[in-house]
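Coming up is one lone chain in structure tokens, specifically the form predicted alone.
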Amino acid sequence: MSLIEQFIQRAKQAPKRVVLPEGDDERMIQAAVRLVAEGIAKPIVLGAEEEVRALAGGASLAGVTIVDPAKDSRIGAYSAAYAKNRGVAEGLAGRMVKRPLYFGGMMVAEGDADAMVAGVAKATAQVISAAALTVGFSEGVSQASSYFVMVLPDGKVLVFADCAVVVDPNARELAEIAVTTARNAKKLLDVEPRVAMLSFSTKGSAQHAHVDKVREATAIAKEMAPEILLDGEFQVDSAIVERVAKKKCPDSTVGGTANVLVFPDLDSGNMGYKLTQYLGNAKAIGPIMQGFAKPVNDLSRGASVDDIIAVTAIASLQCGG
């Protein structure tokens, strides 16, 4: 059974209410039908009912909740909540929350849905912006980030962050990414995270402002979440190869055994996951969004129905419980 199949099977144990705001896209409707048929989630599709049913092409929508944001009775309550939270006029809030991405985000924020999955028709930046303004961020987190689950040919699983969103995090932001990724790795993969803060230096082997940033981020992360097994700074070999760690950082509790790799910036993170994927023949699952107060996940605009189902299962598991 592949890791995605494992996620799907786990999601079936406690199906979550997942809002799919792009009800004008046929792939979303097909995914919603399958999510119900396979017992993976309880989909909520946003859109005009006539259009959604037309896109279903005669397939049964039993079990699929269809919500038209323009007509829904909750628009007033959502507008008031958005206006209060964002400090804007209620008239502007009303116009905002009628947009499907924002309405879906408010459903999650107000507890009428457990998670949101979007992005087949909207750009990642739009999904992140809507989620930030409606769902907001987890306590202690200042922005959204992401991670990849990398499945190596031998079956070993590593988590890489951030490889898709935050271009050049400062030390505080890098620490937030590390702690958030560790917690999500534990929730999604049911493993004890061992976090390595990566650099071109291992424990003082080089001196540079870039290394200083990673050292500072390591200290901040340890203060933020002392319960997490986290250390740095490490070169990649020191982080994942035990014989190297024994020479370069013999006193580290993480060196050589890390399963969560936190890259110092998007340049290194993006290159790192793609090198692992294409030269190491690893399967890359992601990017998986994180940092929001409740789960919101983004899709590629080229996503298939299978992709939507997989990301929905992951979003369900991010809900916990």
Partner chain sequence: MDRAEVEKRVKKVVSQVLNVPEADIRPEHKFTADLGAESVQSLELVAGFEEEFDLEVDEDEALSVQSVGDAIEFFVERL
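Because the structure is a prediction, the values reported are computed rather than measured. Residue numbers count along the first chain shown, from 1.
We do not show the form predicted in complex with the partner chain, though everything after this point is about it.
The partner is absent here; in the predicted bound form, the one residue of L158, A245, M96, A225 having a heavy atom within 4.5 Å of the partner chain is M96. Out of the listed residues L133, V236, A109, M150, L133 is the one that sits within 4.5 Å of the partner chain in the predicted bound form by at least one heavy atom. Using a 4.5 angstroms limit between non-hydrogen atoms, K186 is distant from the partner chain in the predicted bound form.
Interface membership of K122, defined by any non-hydrogen atom within 4.5 Å of the partner chain in the predicted bound form, is confirmed.
Though the partner is left out of this view, R86 does reach within 4.5 Å of the partner chain in the predicted bound form, counting heavy atoms only. Although the partner is absent here, L92 sits close enough that one of its heavy atoms falls within 4.5 Å of the partner chain in the predicted bound form. Every residue in the set Y82, Y102 and Q126 has a non-hydrogen atom no more than 4.5 Å from the partner chain in the predicted bound form.
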